[in-house]
Every structure is written in structure tokens, then in C-alpha cells.
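The chain below stands alone and is given as C-alpha cells, in the form predicted on its own.
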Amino acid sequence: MELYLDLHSQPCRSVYLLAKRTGIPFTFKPVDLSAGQQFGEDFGKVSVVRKVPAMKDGDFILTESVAILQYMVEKFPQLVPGHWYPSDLQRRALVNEFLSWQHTALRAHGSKVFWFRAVVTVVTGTAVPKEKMDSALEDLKQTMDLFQSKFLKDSSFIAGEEVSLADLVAIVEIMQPVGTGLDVFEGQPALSAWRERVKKVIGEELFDEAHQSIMNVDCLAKTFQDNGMLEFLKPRINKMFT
């Protein structure tokens, strides 16, 4: 199995962490998004959507992180403990509910804050207008509040008392704005305790390894300058955020 990943990407981190934590055998195929490698001819042969993560298992290809996670769980039942994707109907439904919700909520708002704080100013040379930044931060706050009240509630993990794919996807999404210096865990003891439980299950060393690149996003400016991506990204950034 080949996994095409860039660990700056939160969906890539979820796939990487599950595979590493459970011992699923795979070959790491790095795709440097900051250098535009997703637009290259070689990666285009793997994924016509030109996004990571992508998985190639023989001749079989998947290009969506949730589908890849579910595929790995079901392909390697001897390696992946059942709590990651519970067989119990209602607990699995809770996992699926979160995985369906997070795309347009936690991921959308966390990613927007990440781009505003770590990428837009670097690429355009212009600060994000205060009203847009404030709006993005408020959307993220409301989403984080909903995450706690709706999905986490008083349980140890999203689907009950054992960790699941839902927690794995949630933690990598929440770490995205954290990488820009925004501590969304500050003043949130229940959320912080959940994070520590998830980290303990994953293993702190593996968790930190997977998040090393996102916790050093200050290097992005020099990276974009060195690889010539600034001019390539400017019109796309302007189209997205202005």
C-alpha cells in the first residue's frame, strides 16, 4: 500500500497516524504541496483530483481521507482494534455522524483561520482585514463550542469511552489553527483533557512527529520564496479571500 501524503495537511495526518499507530504496512510517498507537486505529471497519474491524501493499493486508488481510513480499518482487522471503527450500530453511527459533519464545520473553519493567519499575508504581502479575521475566528469559536456540546459532551471520546476515527480526525483538524499560534485549548479544561487522552492513545512521540511540520508554519514564507510558489499562489489566494 502506498500513501501519498503531506503532513501539513490535516487529513493526511489522520491517515498517517492511524497507519503508524496500528502497524499497517505502507510506503510513504511524499507530495510537497508547498512546491506544487500535486500538480505534477507523476501525481496526476495517481489522483486526477490532485489532492492529498491518496492511497494506492495495487491497482486500487482512493482519494478521500475518510474513505481511506475506513478502507484501512476494514482491510486490516487483525491489526486495527475494533474501537477505531466500532461494529456496534449506534457507536459506529456516532462516528459516521461526526465524520459527515466535520467537513463543512470543523475543517472548514479551522482551515480558514489557518490560511488567514499563516498563508494569506505571506503570499500577498497584505494583512487580512480585521473584520474578516474576526469573523473567521468567531466561526471557529462557535464550531468548537458545538463540537464540545454536541459531539464530545461528557464522554471520554466522541463515540463513548474508547477512541475512534472520529477523535483522530477531530484532533488533527483542531491542531491546524493551533499551528499558527492560536491556542484553542486555553481556558477549556474539558477539551484539553480530551486532547491529552487522544494523544496518550496515539502515543505522544508519534503525535508530535506527525504535527512537527504544522507547528513550524513560520517557515512557509521562506519555503514559498525558495521554490517560486509565491507568484503561482497569489491569484488563487486573491480569488479565495478577496
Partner chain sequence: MALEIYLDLFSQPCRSVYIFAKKNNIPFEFKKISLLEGQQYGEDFGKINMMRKAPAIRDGDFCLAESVAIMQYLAEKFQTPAHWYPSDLQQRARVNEYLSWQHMAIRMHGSKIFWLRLLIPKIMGVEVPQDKMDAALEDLNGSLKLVEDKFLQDRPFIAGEQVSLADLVAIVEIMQPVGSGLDVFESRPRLSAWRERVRVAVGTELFDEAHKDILAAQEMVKNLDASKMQVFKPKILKLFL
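Keep in mind that this is a model prediction, so the values were computed, not measured. Numbering follows the first chain given and starts at 1.
Separately, the form predicted together with its partner chain exists; it is not shown, and the next lines address it.
At a distance of at most 4.5 angstroms from its partner chain in the predicted complex, all three residues Asn96, Ser100 and Ala108 contribute at least one non-hydrogen atom. Partner proximity in the predicted complex, defined as non-hydrogen atoms within 4.5 angstroms of its partner chain, places exactly one of 121-129, 155-163, 67-75, 168-176 at the interface: 67-75. Of the heavy atoms in Thr63, some are within 4.5 Å of its partner chain in the predicted complex. Contact annotation for Lys141: none of its heavy atoms lies within 4.5 Å of its partner chain in the predicted complex. When its partner chain is considered in the predicted complex, Leu146 lines it closely, a heavy atom lying within 4.5 Å. Remark: Val48 counts among the residues lining its partner chain in the predicted complex, judged by a heavy atom distance of 4.5 Å or less.
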